[in-house]
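This document starts with one chain, in the form predicted alone, laid out as structure tokens.
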Amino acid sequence: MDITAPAIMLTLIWGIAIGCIYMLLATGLNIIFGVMKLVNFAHGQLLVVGAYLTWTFSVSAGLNAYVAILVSMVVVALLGIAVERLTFRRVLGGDKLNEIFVSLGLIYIFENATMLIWGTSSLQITSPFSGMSLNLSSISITYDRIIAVFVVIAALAAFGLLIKKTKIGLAMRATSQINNTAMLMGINVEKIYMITFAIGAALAAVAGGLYGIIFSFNYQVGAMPTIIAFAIIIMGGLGSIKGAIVGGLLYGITEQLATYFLNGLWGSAVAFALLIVVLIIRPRGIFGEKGE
């Protein structure tokens, strides 16, 4: 093994890039939980749909892969609205087991639908920068990983402005605290739920497009990113956006360092061990309640 400063630096950069993708997926999952108090185990399937749609728009329509991500983001947001209205709205606020079983059912529906539409073969999205790298001294970083970081930063910045500077964001924050009080204030809570789910789905689509550019994917890859996203939001603190950001970076960097120093089989194991350590020290997560 080449244990040198450049190699470790490159591993850290890879960890940041991958962590940013996980972070974006976790942020979408976290806002849905924060506002709707909904645990959606099918969130990773929205990432898969986003990846497939980005691939389709870039191949069939000839769009730049990064432009295709924007198109898929809109389509998946609309799909999210349909999912929220037709499934989760019917069970929201009732028995949590109903919500869990609906989300588990959606996993199988999405997996089978994507398999029927796109097949079982693994795909990878070709970007205009595929095969191109930025060479810095003895470090070579692919442009796509660099762009992924900036795309995530831009997406989170836009989301932050939406939450802090718009009436919809104010309504989302009010609903996330006490929805009954929000209704008394004249807020259409059902509409806010729909918008929240659409935003979460859109962020998952962006994460999916970036994932498909960096990695190959198929109809079954949604499960592990979902587990990782849950680990990140638990590590950072349920409902905390800054927790999702910090947790995503910690997970991505830890996973890549463990993979580098040990081997690929240890990457996720060590990252989840970090989660356990964090929860032992801070049972509510890094920014949960007392950390807020």
Partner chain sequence: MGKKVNNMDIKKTLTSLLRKRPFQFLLVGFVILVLLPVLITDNFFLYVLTLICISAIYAASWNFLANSGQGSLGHAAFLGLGGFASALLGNSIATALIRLLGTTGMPIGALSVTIQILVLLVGGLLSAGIGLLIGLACVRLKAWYLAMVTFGFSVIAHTLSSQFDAITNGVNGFAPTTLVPRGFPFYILVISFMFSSISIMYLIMKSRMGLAFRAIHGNEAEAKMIGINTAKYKLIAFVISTFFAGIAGGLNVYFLRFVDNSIFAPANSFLPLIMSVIGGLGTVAGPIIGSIFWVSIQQILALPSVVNSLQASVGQYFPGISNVGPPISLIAIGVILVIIVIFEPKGLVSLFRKIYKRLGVETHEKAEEKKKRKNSVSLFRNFYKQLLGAKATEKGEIKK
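Please read these numbers as outputs of a predicted model, since none were measured by experiment. Positions refer to the first chain, counted from 1.
Another form, the form predicted in complex with the partner chain, is not on view; read the next lines as being about it.
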item	value
Contact assignment for the partner chain in the predicted bound form, among Val74, Ala154, Leu161, Met115, heavy atom within 4.5 Å	Met115
Non-hydrogen atom contact Trp14 with the partner chain in the predicted bound form at 4.5 angstroms	no
Touches the partner chain in the predicted bound form: Met9 (any heavy atom, 4.5 Å)	no
Proximity of Asn98 to the partner chain in the predicted bound form, heavy atoms at 4.5 Å	yes
Contact test in the predicted bound form: Val91 vs the partner chain, heavy atoms, 4.5 Å	yes
Whether Ile234, Asn263 and Ala273 all lie within 4.5 angstroms of the partner chain in the predicted bound form by heavy atom	yes
Stretch in contact in the predicted bound form with the partner chain, which is absent here, among 52-60, 35-43, 252-260, 66-74 (heavy atoms within 4.5 Å)	35-43
Contact set, 225-239 vs the partner chain in the predicted bound form - heavy atom within 4.5 angstroms	Ile227, Phe230, Ala231, Ile234, Leu238
